[in-house]
Structure formats: C-alpha cells, structure tokens
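This text opens with one protein chain seen in two forms, each one given by itself as structure tokens under the names structure 1 and structure 2.
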Structure 1
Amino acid sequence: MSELLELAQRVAGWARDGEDVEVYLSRGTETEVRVYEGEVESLSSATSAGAGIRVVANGRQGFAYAGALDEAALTETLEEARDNAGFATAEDWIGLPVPDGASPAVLDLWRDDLARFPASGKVAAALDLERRVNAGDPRIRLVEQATWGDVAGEMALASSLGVTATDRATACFVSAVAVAGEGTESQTAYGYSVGRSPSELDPDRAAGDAVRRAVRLLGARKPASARLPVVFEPRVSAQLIGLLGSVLSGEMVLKGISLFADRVGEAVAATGVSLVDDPTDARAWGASTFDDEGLACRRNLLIDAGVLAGFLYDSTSARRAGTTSTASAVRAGFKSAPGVGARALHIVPGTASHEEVLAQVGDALLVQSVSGLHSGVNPVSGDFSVGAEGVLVSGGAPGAPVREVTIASSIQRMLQGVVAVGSDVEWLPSSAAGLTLAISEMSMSGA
C-alpha cells in the first residue's frame, strides 16, 4: 500500500501556487455468489481502481475522478478538477482539512486468508448454507436465495496541506432467504453471518436464524388495533439507529432538515440512551483508521444519557457551523467527493438479555421486520409510520405471529419512551449496529 500513498503524495505535489489539492486513491475487489436449488445462479467478481481529486482555489472547489491510476489519467483528472473549480461558486467555508494532530487508532481490519480463499470455496459456502436452511425444519419449502459476498479494499489520501492517510479492510458474509409454508400459506425471512475472513463466519447461526424467523411467522394474522409497548429486534433497531445518523449530521442541520437542530444540551431521549459513532471499534463493518478526508477517526458521543451532545461534521460543514470536524467524512468511492456520514453508529448496550427485555415489558409487539422505513419517516417533523411484522408478546413470552400492521409514533416520542436497552449488540453489514430496544408505547394499526 505504500506505493499507493507515494503516488497520492506525488500528485498532490503538483499543486500550483494559490490552490490546494487533495488526491484520494482506492483499489479493491468484490465477489458475489448466488445459488438456488443446488445450482449456481450467478457468480460475479469485479476489480476496481481509481482516483478522486479535489482542487480548492479562492473559495471555489472542483472535483473530478478517473477509473485508472496511470500518470496520464491522473494528470488529466487534476486538470479537469481545476477547470471545474473555475466554474464553482465561491463560499467562505470551502477548503481542505489541515492535520489536526489526532492520533489514529491501531486497527487490524485486513485478513490475508480472504484473498487466498478460492472461488470454489465461496460457491461451496453458499451451497452449504442452502443445505443447512433446507434441513433446518420440515416446514421450509425452499431457499429463495443463498448468497456469499466479500469485499477487500484499500485507500490512500494525500493533500498539499500535509494530510496523509492509508487504510485497508476486508469483509465477507453469507446470507439466506428462507420460505416456510403450511397449506397455502408461506412466510419469508432471512438470516446472515458477517466477518472479516471466511473463518469468522458462522453458517449454523445464519441458517438457524433464517429458519426460526420464517417458521415463527406461520399463521400470522392481522391483529386488532391497539396502543402497546413495542420491542425491536437488533436488525430492526439498527435501521432506526441508522436513520438517527442522518438527522444527526451537521450538514442536515445546516440545511434545516434535521429535527435536532438547535437542541444541543437538551434531553432528547430517555436517560438510558447514549448514542455513539465509533469507527475505531474493529467489530463494526464500517470501522476505519481514517475518515475520507484523511483525518484520524475517533469516537463521537452524540447523545449522552439522553442529552443531545453534538453532531457529525466533515471539514466543510464544520467550518460553516463554526466548529471543528469530527472526522466524519465519507465517500461512496473514488467517484464522489466527501460528505458527512456515520460509520459505526450504535446505542451503548444495557445489561439485559433479549429475553429479560421481553420479561420486563410483559405484553408487547416484538417487531422482526419493517417496511417503508424511508418513505414513512419525516426527518424534519420526526413523524414515524411504517409497516411491520412480528409476534405478540404475552407475559414476557413470544406468542401469536402478526402481519400487515402499521406502527406509528414520532422519533421524539420513541426516544423519550425507551424503557429497556438490551445487551445483545449485533454488528451488521451497515453503518449502524442493532440491539434489542423496547419503547413504552406506540400505535399499532391492524384490523
């Protein structure tokens, strides 16, 4: 990876007087295998490499990218970024970050054995998972899809202002979608396992999770409408926590489209809720030593025992807000300029197990999946209304399965109404981790 950083530093050194240049280089591979009924349905493998270059001059920023790392392509991309800067509008807060002195965390996110794992092994892993799901319960009718996926990538960044960064990581997963049935009824659910190398995957857990979740929904009916406590399983709470990451973006606040604007220091959640974005936690799928502007990643406390502590910022949004970057710059890849985003968002876990949380709430709706999350949540007003399925909990024990329900409240009331936070943190292939989360009351619209 040293040659990638040397190349980035060399190109950054081409900066002219009166301009700042940032060079972001990346390369990587990814593979996906899908199997169906004992046969390979698809196998894709892709390798990519490219550069994204930013030029800032007189408060104007230009960006350009190239899908190659040869000198001719980099020279042309730099000139294109310069040209684009000339057409941009000058703004006082535009500028590249300077080194802030923060020490990078020491993270081991790379596994050599993933690179050595052959395509035949990936196919075998997907086929093995399909067999495990099919054998998991006589009510499993078919495995709609069994998948292997992996990614290995590295980046290097250098700027004419002295920022340098390198990072690399591997990740892989297996997942399956199981279809359970009785008579004319069928129910679908998925299970998965994630890791940084093949040896870290747990196919038994992935298969068992898919089978259990599909089978327990058999016989699901639309329940009577009610107001009742709601418990979110970890993979559902992860989606909700991910939404919080977007409304806690300093960029969203500056645009006036965050329900948390102007509320720093106020109680916005129950005292048992502390929300953190910590890319230095190696368990997180989005763990990283550096952000995508080259600043050392750090643990950012956003909600502290219910009190709003702050927002996430990259260098541009921080300047505009009159504060400092939280090293929260993210990119979709070398083809995009950086923006603000969370990498490893999670609620600090409590001490209760999933079963203990259910026992605490007594009677509730246990939600195992939601639909319409992005269309049903308003980031400005906080209104929350989504489709859900799961099981009714009676006396602390899961009971009758339910479907075709709508649960509604507001993000503000839900955060204030958190009555239990589980200890079962589940790291998913996303920017947020989940855990069992119990809300005191929501509206459930059914029959």
Structure 2
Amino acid sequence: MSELLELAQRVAGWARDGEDVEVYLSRGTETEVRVYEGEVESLSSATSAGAGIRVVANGRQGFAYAGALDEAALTETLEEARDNAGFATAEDWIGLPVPDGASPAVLDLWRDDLARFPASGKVAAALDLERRVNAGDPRIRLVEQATWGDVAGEMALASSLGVTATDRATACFVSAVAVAGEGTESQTAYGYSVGRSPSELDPDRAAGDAVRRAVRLLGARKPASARLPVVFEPRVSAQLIGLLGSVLSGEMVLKGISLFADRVGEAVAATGVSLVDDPTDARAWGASTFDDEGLACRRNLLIDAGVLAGFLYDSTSARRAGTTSTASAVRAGFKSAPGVGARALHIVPGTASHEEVLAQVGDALLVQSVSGLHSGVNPVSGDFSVGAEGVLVSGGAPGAPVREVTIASSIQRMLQGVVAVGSDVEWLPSSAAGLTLAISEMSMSGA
C-alpha cells in the first residue's frame, strides 16, 4: 500500500461517531522549461502536496483543504471541515459513497523514465522544437514561446465508509507558439505533442502543426456575413465536445436547468453522433482508474446514435435522482470538493478522413481556432457564439484564410446538424478528444 494511502486511511480513521470522513490527498512534481531565441527563458521545478477533507454528519456536508500533509495541518483541516458541515442544509441524499463493488480498470498511466529524464534533456527538447519551428517556413518570424512541461502526480483517497483508491500518472509535452509574418501582418498558431514519457513525444508533428497553422492564416481577411456549413478541426471540436460534459451533468438535470432534462430516449443529435465518456480508455489524457470519490471509473454512453442515453452522476446527485453513480466525480485539485464532470469524452469516430469530410461538405468554413468560449456559450440557454479563425473551403479544398469573424448557432441545433464525423481522433490533454466534425449550417458574422 502506498504511503499516501496509509496516511489517508489514518486520517479517515479520525472520524467520530455519527460522522463520515473522506480524505483526498494528492502529491506531485512538475517541471516547466520555456525557451526563447535559443536561450532558456525560465526553468521552474516544484513539488507540491495537499489535502481535501469532506465531513458529512446528519445529512450536512462540509469541506476544507490545506496545501500541506503534516499532521497539524490535517488535524486543523478536519476540524474546519467539521465546523463547515454545521452550517450546510441537511438533506437525505447528502453523503459519501459506499464501496460499489465495481472492479477498477487496469490502466498503465505511469512511466518511470519520465522521472529519470534529466533537466538538460527537457531544455534540449524545448530548444529543438524552437529550431524546428523556425526552420519550418521562411515566413516564420519568431517563436513566441517554446515550452517543455511535465507532471507526475499521485492521489490517494480513503473514507470512513471503507472506500479506498490510489492512482498515479505521468505526462509530458512540448508546445510552441509560432508567429508568421508578412509586411505588417502577424499570425500566430500553436503546435504541441503530448506523451506519458519523453519517448512518446513527436516534435516534428508539433512543429509542423504550429508552422502550417500560422502560415496558412497569412493574408486572412474578414469576410462578409453568411450562413454556411462549418467544419471543426479535431482540437477545436474537442473544446466543443468538452462543453457537453457540463450540459449532460445529472446535477443540472436535478436542478431543472439542463437543456436535455426529460429527453432520455429522444433524438437530441444527428444519428451519426454517439458520445461516450470513457476514463478507462488509456489513450485519453483524462484516463483514470478511480473517480474523485474513489469509485472505479467506467465507460458511460451518453448519446447513442443521436438518442440521449443518460447523464453523468456523482454519488450525491445519483442518490438524489434515485440512480447509481456513474463514477463521474471530479475535483479541480485538492482545494475543491468533488462535483459532477466528464473526464474522457469522445464522439465515436466515423470512417471518413479529414480530407474526405471536406470533400463531402464542399463549401464551408474550416475552423482552426475559436475564442471566447467562456463568454459566448451559455450551457443553460444553449446560445452559442464564438470568435473564429480558419480558412474557407471551396469545392472540398481549403482556400482563403479568414479572421475576425464569429460563428453562432445553439448547442441543440449544432448537435442535430452534425453531417459528418471524421475518423481522425486526436487525444488531447483535456476532458475530451477531438475529431473532424462538420455541421450543416451556422451563422458566420463578419464585415
């Protein structure tokens, strides 16, 4: 048993009669190297650790955290969580999960060779990426930043109800922001590669992506407003698919603010859309053996060939809804109490390549980046409006670059309007994977 889990169990054992205690501990090391113009701009390294403690007594929940794992801090944190619980509203459904017997997936998310990889190798990888981007095209003016990042993290969870969980994962990445220029014009784009160990990184691809995306925007114009089909590149569709995680939260349904409440069994999307949240798929960067309440993660089918199949639940929302947890409790680190969320969403891929999707759609806007997702997408009303950059596709071929436009529709209409799903799944370091996704029509606002 890991030392961290032993500590979690010991603290959970401090529970008094009449209360349940859950202890979440995390610990990690990370490094970040930034290079600029052939020199190391910064090299940061750190180890951090923290604890989040939940106490439930008489149907009331309290939470407290500390950025430390020493006994004094843990004692104080438990006391604070206990005090906080006293002020919450009591409800029957409030409570920690009990072990549900689900067997955890065997995932292999840890690579020892990351820990052995020296700082000099990390610096070299970032400098190498910067060189590759600079050499990628004569129109590349500079690399705003080339970065190496890595993280090795470990979590342990134990509760007085007998739940125990422990998990660990490594990840590293290289990324670069390329600036392409001609005359007074500059365009930027980023490229990246992510792996669980250094040997899994593909700097060629990272550099190629950054260069190609930045250069192809040169000469971008603001086009006239139009309604037209829109094709999202995988890294953009991943952001959009990620939004569905909150829309399909069972908690939103219980609170009466879900776009899709009461619609299980109905067609909410085009038949080509099957949406899954599967943290047991080790290819996903959100893959995890356990959820953040310590239940074994499982594959959850949310939309099946366009038909709404279900929602995501943690143990509290599940109990309230009269169902079982989908093991979808997530935390934003040790400082936050668990809530409902997705970890590894993806749309089941189709059979068409990126190029075949473009050919199928014919004339469209191909979107390579979006902005303002936080200010222009309302998951309650469904209104969707974001800034976009990309190229106009004509007769299936990418052509004139465009900038300073918005694209708008609603989440509901976009799901119904999916006309093509690519085969090109891209596993991104986020809660969703992307693939080429074509929507029959959106409003593009420009000049």
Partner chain sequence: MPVTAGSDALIDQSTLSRALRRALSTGAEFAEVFAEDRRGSVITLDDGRIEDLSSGRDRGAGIRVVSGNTTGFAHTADLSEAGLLAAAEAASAAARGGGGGVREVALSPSTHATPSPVGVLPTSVPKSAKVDLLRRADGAARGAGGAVRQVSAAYRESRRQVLVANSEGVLATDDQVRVRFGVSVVANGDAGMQTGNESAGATMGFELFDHHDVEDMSRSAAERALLKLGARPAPSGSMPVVIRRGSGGVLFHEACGHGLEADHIAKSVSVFTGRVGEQVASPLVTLVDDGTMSHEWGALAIDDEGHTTSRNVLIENGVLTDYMWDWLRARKEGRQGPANGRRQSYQHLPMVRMTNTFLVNGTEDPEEIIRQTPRGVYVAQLGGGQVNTATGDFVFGMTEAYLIEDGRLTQPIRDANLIGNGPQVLADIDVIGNDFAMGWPGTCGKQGQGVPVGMGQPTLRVKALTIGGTAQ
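Here the rigid core means the biggest group of C-alpha atoms that line up within 1.5 Å when the two forms are laid on top of each other. By convention here, residues take numbers in order along the sequence of structure 1, the first being 1. Everything numeric in this text was worked out from a predicted model, so none of it was measured.
A.B. asks: Which of the two shown corresponds to the form predicted together with its partner chain?
C.D. replies: Structure 2.
A.B. asks: Would the C-alpha of Glu37 be classed as shifted by 2 Å or more between structures 1 and 2 after rigid-core alignment?
C.D. replies: No; that C-alpha moves by less than 2 Å between structures 1 and 2.
A.B. asks: Quick one: core overlaid, is Pro99 moving 2 Å or more at the Cα between structures 1 and 2?
C.D. replies: Pro99: C-alpha displaced by less than 2 Å between structures 1 and 2.
A.B. asks: C-alpha of Ala88: shift of 2 angstroms or more between structures 1 and 2, rigid core aligned?
C.D. replies: Superposed on the core, Ala88 moves its C-alpha 2 Å or more between structures 1 and 2.
A.B. asks: Looking at Ala68, what is the CA displacement between structures 1 and 2 after core superposition, in angstrom?
C.D. replies: Its alpha carbon moves by 2.5 Å.
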